[in-house]
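A lone chain, given as structure tokens: the form predicted alone.
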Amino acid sequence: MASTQAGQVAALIEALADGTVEIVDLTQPLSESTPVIKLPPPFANTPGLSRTEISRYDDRGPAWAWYTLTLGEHVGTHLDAPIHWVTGKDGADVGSIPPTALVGPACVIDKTAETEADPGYLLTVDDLTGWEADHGRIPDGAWVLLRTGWGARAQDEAAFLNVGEHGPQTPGPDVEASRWLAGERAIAGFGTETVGIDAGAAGGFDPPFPLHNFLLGAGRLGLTQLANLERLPPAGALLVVSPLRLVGGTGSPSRVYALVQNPHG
């Protein structure tokens, strides 16, 4: 068994070296201009990223540069831990999430055309079972990723948040799809290109913010503000999520990438 496992790791190293398998970065750049969710009064809002210089090759530190960072846990490409939501308050914080939950198959559900026609498109159970009809049952420990093309808006805060007269319009799962993801498949988590795992209109659903409610309440994970989902196949990629191991953390900015078979490699 040990020799078989060593052979599999060696084969992966060789595939990465020769380009047969490529690494696709799914992380949006994190900067002071990264869009941040805006909650209406009376709710408190998270800060975005800001930084204060400690030293920069000067009298405060002649050979080094470094900064103090201030940012919310849920800024940019980031992970939602179960304790982020009241239904998961007795669940895992970021620091106690097992690494096995952070690496798993990626199941990419492409609703780009639907979202282009309707920016508030709601993912349904039929969409999920339709994906399974084409690609097989969603594996245990998988990450379900909703591709909508929203990542193209990531550098324009107004377009990205897309707040109109009736609130934000962004895609996400409906109530029954949220319930299905949390209860019908043993997934590790759900990821999206938008600012949050729920649809923009989800505050008015019953229950409000159903994916946060059901998914995090079931001990699963959320992943937001992803990039480059168009570079992944519907099935067959391996997702790797790298949050800070933050004790007590409700979330963490994360570097996220996928290992993908290179069709030209």
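Numbers for residues come from their place in the sequence shown, where the first is 1. For clarity, every value in this text was computed on a predicted model and none was experimentally measured.
Keep in mind that the form predicted in complex with a small molecule is missing from the display, and what follows is about it.
Partner contacts here mean any heavy atom within 4.5 Å of the small molecule in the predicted bound form, and among 226 to 234, 23 to 31, 194 to 202, 56 to 64 they occur only in 194 to 202.
For the candidate set A218, L49, L238, I37, a heavy atom within 4.5 Å of the small molecule in the predicted bound form is found for exactly one residue, namely I37. For H84, a non-hydrogen atom is located within 4.5 Å of the small molecule in the predicted bound form, even though that partner is not displayed. H74 belongs to the set of residues with a heavy atom inside 4.5 Å of the small molecule in the predicted bound form.
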